[in-house]
Ligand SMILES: NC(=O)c1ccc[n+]([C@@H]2O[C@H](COP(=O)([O-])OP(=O)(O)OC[C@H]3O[C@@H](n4cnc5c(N)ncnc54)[C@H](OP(=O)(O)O)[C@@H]3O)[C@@H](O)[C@H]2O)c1
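What follows is one chain in structure tokens, specifically the form predicted alone.
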Amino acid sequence: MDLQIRGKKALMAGGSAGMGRATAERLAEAGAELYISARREERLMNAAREMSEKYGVKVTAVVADSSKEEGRRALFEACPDPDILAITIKPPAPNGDFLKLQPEDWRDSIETALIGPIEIMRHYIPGMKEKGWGRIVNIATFSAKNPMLWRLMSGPARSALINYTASVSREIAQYGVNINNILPGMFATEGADELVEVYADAFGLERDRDVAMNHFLENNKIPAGFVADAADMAPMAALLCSPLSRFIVGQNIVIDGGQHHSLF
């Protein structure tokens, strides 16, 4: 399928690994001029080089933490006028006892998962409106829609984010600018692997990836029968970044192998 984005300028905030990297790959494959950001310089530079060589497109790496004001400034300076904006963040660690969560835990969660994405969108939306076209995709989490006690540092802030985007998307769609969100379930990514020890500690388990994964699958049934790879999500993200999604406005698309039971 031709996504019709060849030559368009795309910014993938959080694009060096996991779902961000997989989405960036699909955008590069479709011929977009790509900007990717991340905090870890070496991994970011390697990702930019590999995608540029593989797909023959320009890939600019921006070392930045988009949850911080200075990181967002670096993004804005490096890529002032993208046609496409996709945003993902490092998944917050699973929490243990919810009664032990402190105000600073909530502040960190809100700063990273809510204020960071909102401030990036707020900066770029006027330029997209002026051009008469733009696509924004937030790669969030299905715990924004499916409350999970052990994901309190992830779900509530993203619930607020999808509330914000639902309102804003309906205001700016008339200008050809669409915002949509993807709500992934459990995926086998580098970020998920890094949380294994925290997950194990939260549930009193042995610090072993297989033990933690088995515990998760036993307590969170996935009808599809497997934990997905980031590549299973990326085609939908790329579609939402394209002109083909012109009638998809303010939606929250769950990709979770059937785990979430809601009709809507």
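All of these numbers come straight from a predicted model, not from anything done at the bench. Start at 1 and count along the sequence shown; that's the residue number.
The form predicted together with the ligand is left out here; the points below concern that form.
For G185, a non-hydrogen atom is located within 4.5 Å of the ligand in the predicted bound form, even though that partner is not displayed.
Proximity of R40 to the ligand in the predicted bound form: non-hydrogen atoms within 4.5 Å are present. Contact check for C241: no non-hydrogen atom falls within 4.5 Å of the ligand in the predicted bound form. Although the partner is absent here, D65 sits close enough that one of its heavy atoms falls within 4.5 Å of the ligand in the predicted bound form.
For the candidate set I89, I84, A157, M121, a heavy atom within 4.5 Å of the ligand in the predicted bound form is found for exactly one residue, namely I89.
Partner contact region in the predicted bound form: 66-74, out of 25-33, 53-61, 66-74, 202-210, criterion any non-hydrogen atom within 4.5 Å of the ligand.
Residues of 128-154 that come within 4.5 Å of the ligand in the predicted bound form, judged by any heavy atom, are I139, A140, T141, S154 in sequence order.
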